[in-house]
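A lone chain, given as structure tokens: the form predicted on its own.
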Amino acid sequence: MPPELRIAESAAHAGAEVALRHFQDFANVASQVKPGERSFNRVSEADVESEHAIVEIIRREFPDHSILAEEAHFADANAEHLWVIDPIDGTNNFLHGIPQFGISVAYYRSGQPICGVILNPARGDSFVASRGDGSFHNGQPVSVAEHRRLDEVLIGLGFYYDRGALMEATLSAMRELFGHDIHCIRRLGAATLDLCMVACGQLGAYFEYELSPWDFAAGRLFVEEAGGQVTTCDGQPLPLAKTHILATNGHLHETMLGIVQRHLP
């Protein structure tokens, strides 16, 4: 196992242990509104403590590497050695006792994803990907679904915290998708896990019109290593920055692009 993947797994499990301990008493987890945000964009004490546990393990092994993390660590996305961390993705789910949240740790070298680990400790799920070595769910290899038509699949989507133009654009795209007889829409509240569901063949596609890099840094590699495709919603290479995102099984990518790009704000 490459040393970076070994540390990514150790760090993710350390964060997951913190998150699960707090989740067992979710109703009493302290949280506050993020500075400058509205009441529904919150950070909890579990987020902060999980990030600290993850960063501590990475720093101990790779003290010179840069770290980009959601709550307290900011780094140049172009750093040669970069760790991208989401200590708890799906904080609103977490704070309401819904067992759909992910701990995400990814390692990038010279701008390219090398390995990534996503855990959902509430369900005991582990998603691991390493460049050139495939994607694994709980130790078993996974691949995207072979569906080639929208009327064969479920579609996942996410809403960013904006409840203006981005929300309206997402609703418009969703209405058009229903016109293609998709099986249904799923909005599950944790982008890291939504991406894993594309890779595991449960969703044919997933899109969101604004997403931060820590939300997709590991998940995009998991999709790609499972045979899927990930771009922006206008078909460009995905930057390691806040952006829009489309992930599919590959077969549906051009069809989905035609829809999500049409409604892109």
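In this text, residue numbers run from 1 along the sequence as written. What you see is a predicted model, and the numbers here were worked out from it, not measured in a lab.
If you look for the form predicted in complex with D-MYO-inositol-1-phosphate, you will not find it shown, but the lines that follow are about it.
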Options 90 to 98, 72 to 80, 110 to 118, 129 to 137; stretch whose heavy atom lies within 4.5 Å of D-MYO-inositol-1-phosphate in the model of the complex: 90 to 98
Contact label in the model of the complex: Val48 to D-MYO-inositol-1-phosphate, heavy atom within 4.5 Å: no
4.5 angstroms heavy atom contact with D-MYO-inositol-1-phosphate in the model of the complex for Glu210: yes
D-MYO-inositol-1-phosphate contact in the model of the complex: Phe178, any heavy atom under 4.5 Å: no
Close approach of Arg186 to D-MYO-inositol-1-phosphate in the model of the complex, 4.5 Å, heavy atom: no
The unique member of Val84, Ala191, Val153, Ala145 whose heavy atoms fall within 4.5 Å of D-MYO-inositol-1-phosphate in the model of the complex: Ala191
Any residue of 133 to 171 that, in the model of the complex, places a heavy atom within 4.5 Å of D-MYO-inositol-1-phosphate: Gly158, Phe159, Tyr160, Tyr161
